[in-house]
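Shown here is one chain on its own, the form predicted on its own, set out as structure tokens.
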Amino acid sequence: MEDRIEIYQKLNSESDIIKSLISAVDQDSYGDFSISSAPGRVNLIGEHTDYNEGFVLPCAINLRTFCVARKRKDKNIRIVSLNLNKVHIQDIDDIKPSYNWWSYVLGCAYVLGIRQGFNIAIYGTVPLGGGLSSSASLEVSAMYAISNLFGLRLDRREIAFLSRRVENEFVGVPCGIMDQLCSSLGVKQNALFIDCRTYEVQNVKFPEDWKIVVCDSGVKHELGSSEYAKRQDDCKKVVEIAKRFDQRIKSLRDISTQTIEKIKYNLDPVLYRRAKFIVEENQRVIEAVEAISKKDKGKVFELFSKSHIGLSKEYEVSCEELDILFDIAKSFEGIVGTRMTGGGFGGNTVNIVESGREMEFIDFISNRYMSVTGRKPISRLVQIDSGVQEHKI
């Protein structure tokens, strides 16, 4: 079983990671080291609601990105990735928006207005491109390390908003705020109920006798990024139409199920399905907070199932492989809830399983998925972890 299961307690000790990163930044640098780490995240429920100013319920997980930074005497930024075994060197005066692996670090210096060179080394246990927010984990960790290195001492909410600016303005990805807030503000054994309009964050205690298993389908379809942008455009179109009936509507967050039905015949069928999903998904998040707090397994199963079906049939961001994982998981006797998570068109499902049955579940879903698709899913048993933090030598 070990060849297809990743149980992320720690592949390397924290101290070994930090020692390796310190060694990587030591060249042509001086002064104190600034050391940080930030988690990836899995979204329990509330998909595509963040950019509609709605509600989400993610949790930080114990897959983290570590950064060590140290000042230089010149104006070069030297970035070392231990995961990729690559180095990128950039003069601070030549920084401009770009999309590459080093852009997430350069973007931090850009939005902070840093004018002095520094070395920074990074290492992450968050799978790259795996739908567990490796980019936000890197942005938040790098932002924290760099800001502390230059004595800015920003609070964690500021770190989140500046990290989102990196993604939106520098890297060019039009994401919402969920990933950065979760990576910054995560609390052990708590999901975060986030209002993506007011940015209010409420901790939701996650039952200790429930476990989270993330199953990677092993596929990522190329149309994902373009279709993501189309979904955002679809939502904006619905809002513009809805405003004809009520000028107070600013986003799909302001539209009720009654309003959707009222304007249904002013929308083409595709726009109606998109809006219906978002409006209902926001309500599901609110109900999921109560259901998880009460450990109501039946309600969680219902809400997660409706979320997945809506993503598949109404928002149309699922795919055959994710639907197969969903169908297999929901037939497992010890399942509490299962659904696709993330932007869609491949990637992961999130599964809540009764404690003590998580390894049985991993074996169950792996065998059945392999028999149907010919692929082995990567199953990750994760723990809910804390947000960004500073480390001392």
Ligand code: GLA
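Heads up: residue numbers just count along the shown sequence, starting at 1. Model, not experiment: these values are computed from the prediction.
If you look for the form predicted together with the ligand, you will not find it shown, but the lines that follow are about it.
The chain here is shown without the ligand. Which stretch in 22-30, 353-361, 47-55, 61-69 comes within 4.5 angstroms of it in the predicted bound form, by heavy atom distance? Among the listed stretches, the partner-contacting one is 47-55.
What is the one choice in C319, I263, V279, C175 with a heavy atom within 4.5 Å of the ligand in the predicted bound form? The residue in contact is C175.
Tell me, out of W102, Y123, Y228, F206, which residue has a non-hydrogen atom within 4.5 angstroms of the ligand in the predicted bound form. When the ligand is considered in the predicted bound form, the option within 4.5 Å is Y228.
G347: heavy atom within 4.5 Å of the ligand in the predicted bound form? No, no contact at 4.5 Å.
G337 within 4.5 Å of the ligand in the predicted bound form, heavy atoms: G337 lies outside the contact set for the ligand.
Partner contacts in the predicted bound form for 318-342 (non-hydrogen atom within 4.5 angstroms of the ligand): If the 4.5 Å heavy-atom criterion is applied to the ligand in the predicted bound form, 318-342 yields only G342.
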